[in-house]
Structure formats: C-alpha cells, structure tokens
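Only one chain is included here, represented as structure tokens and corresponding to the form predicted on its own.
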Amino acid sequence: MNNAYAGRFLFIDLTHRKIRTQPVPDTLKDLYIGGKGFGASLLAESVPPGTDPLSPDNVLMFMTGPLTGTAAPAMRGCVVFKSPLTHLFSDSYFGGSFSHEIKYAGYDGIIISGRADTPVYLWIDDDHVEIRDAARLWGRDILETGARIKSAIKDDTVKTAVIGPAGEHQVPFALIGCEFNRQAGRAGGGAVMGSKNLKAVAVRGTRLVRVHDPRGFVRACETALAELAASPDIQTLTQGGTAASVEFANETGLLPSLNYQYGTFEKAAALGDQGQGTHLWLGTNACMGCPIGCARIGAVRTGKYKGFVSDIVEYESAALMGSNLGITDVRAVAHLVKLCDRLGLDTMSCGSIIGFAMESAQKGLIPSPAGIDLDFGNVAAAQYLIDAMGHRKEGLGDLLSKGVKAAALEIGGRAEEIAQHTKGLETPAWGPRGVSGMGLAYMTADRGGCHQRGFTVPHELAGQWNGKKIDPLSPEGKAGMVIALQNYSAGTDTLVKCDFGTFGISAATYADLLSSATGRQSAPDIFDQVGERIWNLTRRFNLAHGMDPAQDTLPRRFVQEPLPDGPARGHKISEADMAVMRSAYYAGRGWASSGIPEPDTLKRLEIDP
C-alpha cells in the first residue's frame, strides 16, 4: 500500500562505523506521527539521564514528517538532540530542501550516535552510505564547506547540513547550516555535531514519495493553498516576510532594545521591511514547494559592508542583532548575521549575549577588550565578539561562548540580573512585559525560553481567546490559552510543517492531508492529542535529566523592572503574576503543584510512568 512514510530509519554509529536501517514501528506512527514526535520518543528511549550532551552517548537526529517531500505545504526539517546549552530536550527547525532529500533517499529520519576518531562527513546517496574523511574541511566556514562537498561529489544539487568553526569548538549555541540561509539554530545542535567530529551530512535522493489517496491528497492540498491565500497574515508575510514584524513589535512595545531595557526603538523602521526593501532586497525567494514566499534574495550593494549576497534578515535577527544592540543600519545587521551564518552561530543567542556584554561593560562588570569599546551601537564591537565567540578565543570570547547564563554566573555579582534567558536558552525577540501569556509560554517551553512553543502575541493584543475577552497584562486566563497553543504546535510539528502554515491552514485540512497521504484516518483533534502526549513526554525527559520546576520562571528584568516605554509602560510580570499563571498551568496540564506530571496523566497519554 502506498503511503507517504518512507518506512525506515537510518542509524549511523560513528564510533564503530556501523550503518544500519530499521523499520519505523506502526506504534510510533500511531502515537507520535513523525517529526518532533518521532524525535521526542527516540531521544527519551536512547539518551539516559545524566548523559553529557557533548559525549558520544548523545544522539543527533534529522527527522522528517509524513508530509515531507510531497506537494503539501510542509517545507521544513527537524533536528532533535539533548542540548549542550540547557541540558534539556531540544528540537530545532530549518527550511530549504535538505529534509525533502532525506525522504527522497528513502528515510523518515537519520539517527547519528557515537564519535568519529577524526573529522568526517556523511555521504548518503539513496541506499549507499559512506563515512568520508573531512580533515581538509575542518576549520572552514559553512558556505565554503558546502560548496567543497558539492564539488567533490560533482553534483550541485546535493543537499548538505554543515557546521562551522563554532560547532567544531562546541560552542553550546552553535547551529547547523542546512543550505543557504536556512539554519537549525536554537540550543546547540551544531555543538553536538561537532562533538561527534561530524563536519557535514550530504544527501542525494532519487525516490518518489507516494501518497495513499492521490485524488484526496490533491483536494486537500488545494484547500490548504486556498486557506493560505485567504489569510491576511499570509499576505503580510508574502509582502514583507517576518521583517514586517519589526515595526509591529515596536508599535506594541514588544521590541527588545538595549538588552531588553526598553520595548521600543526609535529607528525600528530602518531595520524592518522598509529598510530592508531599500538596502537589501532584489527579489522574492522561498523554501522548496512553499506557496508563501516569505524569504528574499538580495545583496548589500552600498556602504561599508557592500559586496555580499543576502537573504531577508528575519525578525528575530533584525531585533536581537539590531535594536537590542542599538544598531540602526540594516546593512550592518545583515553583515553581522552573515558572519554568524558562516561561523555557525545562532543569531538569537548571539544578539542576546552581545547585548548582555554591552550592558555589563556599561555597568563596569566586565572590561572592554583592548581597542574595543563595548558600547551599544558599536558594530565593530559586535563583530569582534562574534568572531571571538565563534572561534572560542581566550578571554572574553571563551567566556561569552558558554552562553549568557553560564557567562553571567562566572562574572557574578549583578551580571545575573541582566542575563536574559529561561532555563539557559537566551530570550527571543518578543519582550513579554506587554503580553503576560507570552511570559508563561517562555516559562514553560520544553526547550527553554522559546516563542515557537505557543505564540500568544496576536491573541493577547487582540484581547480575545476562544471568543472570550482577555487582558494582555493580566495573568488571568492565560494558562488555558498557552496549553492549547503548545499542544497544537507540538502536534503539528509532527508533520514538520512551517509555523506560518498554521496562520491559514485549518486543523481539519491538516488532518485531511495526513489521512490522504498515509491512509491512517485522522480527525482534526489528533494534533491536540498527540501534542499533549509529546509535551508530557518532553517534560518527563527534562525532569529526569535534572531540570528543577523552579526554573519555570522569567529573567529578573521582566519581573522586577517595569517596562519604561510603549503601550504597556509601567507594567512588569510580578512574582505573584507568575505564581497565578504557573499554578493554573500545572493544574490544566494534569501535573502536581510541584510541576511534575501525575501518574494518571501519563497513563492516559500512554506514556510509561
């Protein structure tokens, strides 16, 4: 029977250089569907508590979903691992076409364990899998490495996932570059890859992905495309990408400025779609098979940093490497982002850490390096720190490369008060003091502070959730909203869909896509059910690996310092506010007041207690 699953996993043990395939169990498909679900289940099964994330015993998994490689709008890929930055479960997502190629090669996922004795890269050509020498690639940046691998294979269509020097040096927020300007960025997948002496994975696939019900699948795809076309949110993304969010966040007081001291930035328009359209963009670009086209292709053509090709500077990068650092020239921000992309550093973590360093220097907590003024707005200082962290240079580079939580602890004193993170993951570019539910989403996210695990902003600013009025500044009514958004996000991440797809595509249409692609009949509520199961599984994993529920909290700045500007001026998320939201959240999840899932909850969700 045709269905969109490849039906097998590829396992690669780098220590013993063993390669094998294994069928995907039907029970795994039933309980977890694919993508995040497969990864969460296999990580819990494969990585015992106490495992050092940078040891050979950690696993690195590239996961696809049942819609990957089809005509459905599910254009992304998923990397799952235990994070070296947070020591928690982590899944990181990327666009482009690398994930599709895995499916075309005949696999639902690639699970990599062990550590090679010397630098290697993987060459996967359908059923042919090699572990190749990468000594001459070690030390090279991501873009050059990808080009050299394609040249060696003599095929420019090969898809690659690559680490740069930051991954080689095991910087705990190092990313994996999956084709041009497509990165699995958060929580240090690049460091895990580097710890395995794995420089790259190159894949070429020639198989077709077949669906169970072609006519039904075409109808479902047509419905999905019509829903996307009718969505005002999608129209905004098509016109200005996520860069359009810069001015929106500024107007609503959610834009991080000067290490989150403020929620507005006077030159926000210069960093958003207006500024980027003037100085960077030349045309529209998209991930493979994407009907939205939120990306751009362009170049920095004028000014000090001219001479390189650029894509869109996404909202998170524009905010954290721009307004958060007091930098107003979007060409300079694009330059800094390109440095991060080449070295293999997550721009979100980088922007947060550099902002922390600049404020620390301003407050006399750390000295500026010789010849460098760590002042807000100083592009040269930001460039210096990116290079120093990416190569883990002795002194400030090595210190900051540990992540903002570890760096603040090492500096001591007031440094911890200005370090913006939750559970060790640097805070995203949506300041929560004007949207309390977003604060709860950060507090409870499974991989540490993350905006992609329940994005409450549009609902809170609209003042409505499920037909009921909500106050964006109040803690009341936020727990149910966050739980519902987290469950649905986790459930649809089993498809490895694009987050933007959910701005238009309904649960019923996703269920039709899944049913017609796989032959496994699914109702619209399957994503809520599977998402709840995943959320409890990752919670149990995190608790087993040392997470204290007391870490379900926010950085001091959001709790102790009222927002000084914007529509929510004077507001903060107090300890009392957090307690109200946390208590309601635990109860709504079926967890004890201590934040631990109750045995009855785990039993209901078919999770071994």
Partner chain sequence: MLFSSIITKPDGFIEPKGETAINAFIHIHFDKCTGCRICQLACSMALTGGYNPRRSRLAIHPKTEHLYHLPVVCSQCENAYCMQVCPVGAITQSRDGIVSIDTETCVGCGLCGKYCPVDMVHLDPDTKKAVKCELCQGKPACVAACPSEALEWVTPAATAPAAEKENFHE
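Source: prediction; values computed, not measured. Residue numbers count along the first chain shown, from 1.
Here the subject shifts to the form predicted together with its partner chain, a form of this protein not shown in this document.
Q: Just to confirm, with a 4.5 Å cut-off on non-hydrogen atoms, which of Gly371, Gly413, Pro367, Pro214 contacts its partner chain in the model of the complex?
A: Exactly one residue meets the criterion: Pro214.
Q: Please identify the residue among Arg210, Lys393, Arg148, Arg132 with any heavy atom within 4.5 Å of its partner chain in the model of the complex.
A: Answer to the contact question: Arg210.
Q: So in the model of the complex, does Glu476 come within 4.5 Å of its partner chain, heavy atom to heavy atom?
A: It does not: once its partner chain is placed as it appears in the model of the complex, Glu476 has no heavy atom within 4.5 Å of it.
Q: Looking at the partner-bound form in the model of the complex, is Gly289 within 4.5 Å of its partner chain by any heavy atom?
A: Gly289: yes, in contact with its partner chain in the model of the complex.
Q: Even though the partner isn't displayed, in the model of the complex is Asn250 close enough to its partner chain, meaning a heavy atom within 4.5 Å?
A: Asn250 lies outside the contact set for its partner chain.
Q: With the partner left out of view, is Leu225 within 4.5 angstroms of its partner chain in the model of the complex by any non-hydrogen atom?
A: Yes, Leu225 is a contact residue.
Q: Which one of these stretches, 252-260, 396-404, 276-284, 439-447, sits within 4.5 Å of its partner chain in the model of the complex when only heavy atoms are counted?
A: Correct option: 276-284.
Q: Counting heavy atoms only and using a 4.5 Å cut-off, do Tyr104, Thr157 and Lys338 all touch its partner chain in the model of the complex?
A: Looking in the model of the complex, the three residues Tyr104, Thr157 and Lys338 all sit within 4.5 Å of its partner chain (heavy atoms).
Q: Even though the chain is shown alone, can you say which residues of 62-91 have a heavy atom within 4.5 Å of its partner chain in the model of the complex?
A: Residues within 4.5 Å: Gly69, Thr70, Ala71.
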